[in-house]
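Presented as structure tokens, the chain that follows is alone, the form predicted alone.
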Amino acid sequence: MEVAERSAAISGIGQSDVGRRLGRNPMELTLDSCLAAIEDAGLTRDDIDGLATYPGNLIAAPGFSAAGVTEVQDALRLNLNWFSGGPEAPGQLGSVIDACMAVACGLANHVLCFRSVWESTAQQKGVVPGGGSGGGNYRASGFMSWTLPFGAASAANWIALFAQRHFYEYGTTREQLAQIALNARHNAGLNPKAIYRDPMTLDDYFAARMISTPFCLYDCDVPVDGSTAVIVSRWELARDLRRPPIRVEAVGTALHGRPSWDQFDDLTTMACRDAGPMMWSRTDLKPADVDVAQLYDGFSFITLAWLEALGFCGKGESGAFVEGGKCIALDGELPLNTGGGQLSAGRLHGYGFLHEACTQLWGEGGERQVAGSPLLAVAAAGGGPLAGCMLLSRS
């Protein structure tokens, strides 16, 4: 089978300052990461002929997006042959997958992809993440008009329903779920850019306040300000750039179930159930070949769902797979979320996982670097009805 995405490669990455309530102009953060990625690839702004982002400037809630395609194109004075930005995509990495397709189709040579957030500063200013400004005139629309009357105002509530069902069906426990948070905190302690680096014990985890059963505070990601960018280049051009290119081996974007946060046909899993198998259908490689996994942890249970969807364990077996934390540690069978994930390093909303996957494949993880020169990594982002994943190979 001819796989279009293998015509694409990651040629450079960049990241701005990442922190809590930085108070910096969000466009500054965006341009910092974009310029860093261009330099990292050994390119100039004149080389960039494509631009992609998620979700663009279409989302009303301040903090969830810092800039759209047209704003960045204007600020960097880019001459574009192709661009894409919008909220409806297969997970946050959908914008990068779009870039891979654009490169494969010959619409662009080098696509700058970026994702920026400033949710931490926005929350400090009293902004409600779901929209509005906390006043009494907010009126829900769409699916939230059905969930808000029942007190389910947040993805913390919606994803908790999936976790509870998984607990009920398969005997998953909070002790097992805790390993996602504990592993993230350990790895964050080795990442100088991570937000929370202090050690955390199982007792610390259980002492934290409950947010939405079975999630406690440490099962929820950390709002931050920051921006991440990557360059997607045509493979034949990437080979001549500064870095050894990271090939896009396969992607997964499928959605077969209902596009719903709370009405999916199987409430023990999510859209990742469909995206994961699609990715493996596009390559001869297998889950056992993967050296490092960066799997979305907007809430800890989402990572369990991705572990099952990507075939790293059987259906309903993710709790047992992570129990004790040994298997997912830096020196384990499947090093997981090596930079600390969103639970401890900060919610960079999907792009942080791709950045960390490339960092590991290029051997630049410092104290958190996985031993043995990893060759194959998977990056996956999205929860609920959003899911996209990428298999990356260091050629």
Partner chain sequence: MLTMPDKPFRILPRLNADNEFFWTSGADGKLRFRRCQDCGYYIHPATPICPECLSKRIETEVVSGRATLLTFTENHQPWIPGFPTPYVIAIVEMVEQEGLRLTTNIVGVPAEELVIGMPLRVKFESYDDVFIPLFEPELQ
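Residue numbers count along the first chain shown, from 1. Keep in mind the model is a prediction, meaning the values are calculated, not measured.
This protein has a second form, the form predicted together with the partner chain, left out of what is shown; the following refers to that one.
Colleague: A153 near the partner chain in the predicted bound form, any heavy atom under 4.5 Å?
Modeller: Because a heavy atom of A153 falls inside 4.5 Å of the partner chain in the predicted bound form, the answer is yes.
Colleague: Indicate whether the partner chain has at least one heavy atom within 4.5 Å of a heavy atom of Y205 in the predicted bound form.
Modeller: Outside the cut-off, so no.
Colleague: Give a yes or no for P149: in the predicted bound form, does one of its heavy atoms lie within 4.5 Å of a heavy atom belonging to the partner chain?
Modeller: Yes, P149 is a contact residue.
Colleague: May I ask you to state whether T213 is within 4.5 Å of the partner chain in the predicted bound form, using heavy atom distances?
Modeller: Judged by the heavy-atom cut-off of 4.5 Å, T213 is in contact with the partner chain in the predicted bound form.
Colleague: Give me the residue from L161, A250, A122, C313 that has a heavy atom within 4.5 Å of the partner chain in the predicted bound form.
Modeller: Comparing distances to the partner chain in the predicted bound form, the residue within 4.5 Å is L161.
Colleague: Pick from Y196, W235, W280, F264: which has a non-hydrogen atom within 4.5 Å of the partner chain in the predicted bound form?
Modeller: Exactly one listed residue reaches within 4.5 Å, namely F264.
Colleague: The partner chain isn't shown here, but in the predicted bound form, which of 72-80, 313-321, 163-171, 185-193 has heavy atoms within 4.5 Å of it?
Modeller: That would be 163-171.
Colleague: Decide yes or no: are A140, N157 and R209 jointly within 4.5 Å of the partner chain in the predicted bound form, with each residue judged by its heavy atoms?
Modeller: The answer is yes; A140, N157 and R209 each reach the partner chain.
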